[in-house]
Structure formats: C-alpha cells, structure tokens
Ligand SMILES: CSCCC(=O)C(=O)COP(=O)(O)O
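Encoded as structure tokens, the following chain is the form predicted alone, with no partner shown.
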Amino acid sequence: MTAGLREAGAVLAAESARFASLGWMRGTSGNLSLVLSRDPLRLAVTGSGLDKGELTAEDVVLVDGRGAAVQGGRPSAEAALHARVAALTGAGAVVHVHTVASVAMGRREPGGIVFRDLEMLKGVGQPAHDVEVVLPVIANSQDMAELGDRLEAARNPRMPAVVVAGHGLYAWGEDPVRARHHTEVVEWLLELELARR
C-alpha cells in the first residue's frame, strides 16, 4: 500500500468511526471515499463488509473512475457511484450513511424534500430565509450505472446531497471535513422534518 493511500485510509477510518458512533453506519453499512487524483480519477474507498467503527488505515481500496479496484482488496459495492459523484460534482470526498431519517423521509417524499426558512441551510451554502431548497430523492437500484444516471438527472446543484429511497443518504464536499459537515447538516434537516411530521 502506498503512503498516499494509507494516509487516505487513516482519514477515512477516523471519519467512519465518527459516523458509526452516531449510529449512522451500523453493522457494515455505509461507505466513504476520498479523491486522490483527477486525471485519471482515483479514489480511496472503504473496503466491503467491514465494521465501519473499527476500520484501520489499511482498510481502503484504490479504485478507478468506474469504481473498479486498482489496488487493495474488495471495495464497497457502491464505489462506482462514489466515482460518479466525484466526477459529476467535482467533490473531493463522498459520504454514504444509512440513517433512519433519510430512509423514512425518502419514502414519505419520493419527489424530493423541501426545506425553507431554516438557519441550518447555511451549512450547505444556502440562505436561511426566503428560499426553498429541494433535497432530491431517487429510486434505489443495485445497478450503480443506473443509480448514477438517476442521481445525475435529479441532482440539485444547490444541495450537496441526495437521498436514495429505501437506502440512505449520499453527501459530498470538497474535502472530508466539508463532506462530513454537509452530511451532518442534511441529516439534521431530515431529522427535523421527520419530527415535525
């Protein structure tokens, strides 16, 4: 394993432990990625079937722009979607968590979840008042190319996240810290909306 991949693995392990401690990556669910290069596109992705609360710096896989392993073990089955998000949005890091609020709200609002007049919208770069921001919801698929097409068609450039119905939340940012913040903010918005109903 190269030093750069190991360093990325340490970052992703720390982020995974944080999300797992919140109950957002239960069992072996969820996955994270960090872009290591753009041309060609290469990402470090958390390995498949591992407890996300106990990852080490070695528990990552280097994947290409299609999500195929270049170095390391077996990447998450959703590595291809991480690569698609990174290519489409220019994100430097992608987070995928399985939260109750994202699944519940995705089922309740399959056409998208509208937020307005909330101070927390500033956390995703939007004004707190006098605007509506829609979090897209897309139907799930086990085919990552199909899921990627749905994400691309539904993506709202004003919202660095999307809910996959019956599955969970994807969020992204220019680096792991921004991706984490976006995940936390969007999850807060989802929890509020769920409680409100």
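All values reported here derive from a predicted model rather than from experimental measurement. A residue's number is simply how far along the shown sequence it sits, counting from 1.
Below: the form predicted together with the ligand, not depicted.
A.B. asks: Looking at the ligand in the predicted bound form, do all three of 15, 92 and 178 come within 4.5 Å of it through at least one heavy atom?
C.D. replies: No, none of the three is in contact.
A.B. asks: Considering non-hydrogen atoms and a 4.5 Å limit, which listed residue (77, 120, 104, 87) is close to the ligand in the predicted bound form?
C.D. replies: Partner contact (heavy atom, 4.5 Å) among the options: 77.
A.B. asks: If we take heavy atoms and a 4.5 Å cut-off, which stretch out of 63 to 71, 41 to 49, 152 to 160, 128 to 136 is in contact with the ligand in the predicted bound form?
C.D. replies: Looking at the other structure, the answer is 41 to 49.
A.B. asks: Contact between residue 141 and the ligand in the predicted bound form at 4.5 Å, heavy atoms?
C.D. replies: Residue 141 lies outside the contact set for the ligand.
A.B. asks: Verify the contact flag for residue 148: yes if a non-hydrogen atom of it lies within 4.5 Å of a non-hydrogen atom of the ligand in the predicted bound form, no if not.
C.D. replies: No, residue 148 stays farther than 4.5 Å from the ligand in the predicted bound form.
A.B. asks: For the stretch 6 to 41, return the residues whose heavy atoms include at least one within 4.5 Å of the ligand in the predicted bound form, in the order they occur.
C.D. replies: Those in contact are 28, 29, 30, 31.
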